[in-house]
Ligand SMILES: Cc1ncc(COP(=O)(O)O)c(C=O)c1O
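Taking the form predicted on its own, here's one chain by itself in structure tokens.
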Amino acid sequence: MGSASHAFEKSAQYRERALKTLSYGVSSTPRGNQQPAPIVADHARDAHIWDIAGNRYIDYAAGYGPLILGHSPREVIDAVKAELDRGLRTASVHEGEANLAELICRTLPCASKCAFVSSGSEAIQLALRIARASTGRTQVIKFRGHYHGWFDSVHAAGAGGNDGPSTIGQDPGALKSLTFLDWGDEDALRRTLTRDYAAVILEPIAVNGGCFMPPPGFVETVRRLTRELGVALIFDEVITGYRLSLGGAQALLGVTPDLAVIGKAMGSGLPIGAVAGADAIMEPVSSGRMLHRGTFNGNPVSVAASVACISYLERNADQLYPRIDAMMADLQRHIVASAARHGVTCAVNRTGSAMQIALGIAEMDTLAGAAKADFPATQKFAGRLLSRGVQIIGRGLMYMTAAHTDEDIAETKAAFDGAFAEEASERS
């Protein structure tokens, strides 16, 4: 790629231009923090992305998770093109909605009915409203370190020691219906949960927090207690749905929630979100008693992409998921060995095809432990990889896709070796 400064020169020039009229120069704040510079994508194919200077990167950001089939899956691209040829038809009833709902109900254990929105954050709000309408209660239990979107009502308790809003500008009053607990603390849950609560919401497998499987028996306990008390159990599967298995985390864990929130991978890169659940709890929206609004809900282009993606996953699940999991496991073993060989302290957690690396700590056993990682060092290390042609999410999160090849993995291993060598040299 040439020298790092030269390689990112065009992207840096674009950022200077964008900062003049586009807030922070990007459309989502984390994108502006990429090191050595936020690359500006020009085009992408399979597991590769090219910037406006022509530099190619092996991409493990995967659109922050949605691109489970890579950047250019033929089935999805063809479906989207065919849908565009039929006209945009925004805010219309169309057959694709039922086609997608049938697919979801066939593949997700909890699903008998579905409702569509345009993003994961919106779907979380819809799920909470359904739970409140179904139970007639308002209070909700949320676990610290779990991310449920950016809306004021749930964007809180994301960092250790802060149970308040996660950013400036939020309305603190919007959090009054939330109770915060630590994920995995069964005793606290037993002491707190009563029939006064509408719902318990959680990531069943905590990819956002550092790629953690739940503590043994914890999710089962949450399910039993919520069922006994008539409290809705909501699984936030925006990340895990259709990524970790065809049936999501609920299928892997063998625990069925009342409601599941899905997004990201279901759309294969197009914006969409959904809430799925049993007939009884979905009744308020199914009957029309509860308003469910949105101009772009179920828009035909995103629905077409989702139908194509989930259909492909359903046909190929037996081969696809074991393959991408095995590829990520192979990469994990190499990263752990390479870090040790170069004397760099680095923890590596993996849940299926999602993996978190964190510098400054040797292991991540808990969400609290993950908070002790050296985030600036991890972000800088992501920049070292970018300079070597490998893109990961700046906080150290990586996603494998069906488009990655053995050659990509070999090149990625070499990039990690070089980045660890540079890290060790700088620290010596």
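Each residue number is its position in the shown sequence, starting from 1. Note that the structure is predicted; figures quoted are calculated from it, not measured.
There is another form of this protein, the form predicted together with the named molecule, and it is not shown here; the text below is about that form.
- Here the chain stands alone, but in the model of the complex its contact with the named molecule, taken as any heavy atom within 4.5 Å, falls in 200 to 208 among 252 to 260, 200 to 208, 311 to 319, 77 to 85.
- Just one of 354, 104, 238, 131 comes within 4.5 Å of the named molecule in the model of the complex, counting any heavy atom, and that one is 238.
- This chain lacks the partner; the member of 177, 349, 119, 135 within 4.5 angstroms of the named molecule in the model of the complex by a non-hydrogen atom is 119.
- The named molecule in the model of the complex is not approached by residue 300, whose heavy atoms all lie more than 4.5 angstroms from it.
- Among heavy atoms of residue 148, some come within 4.5 Å of the named molecule in the model of the complex.
- Contact annotation for residue 264: at least one heavy atom lies within 4.5 Å of the named molecule in the model of the complex.
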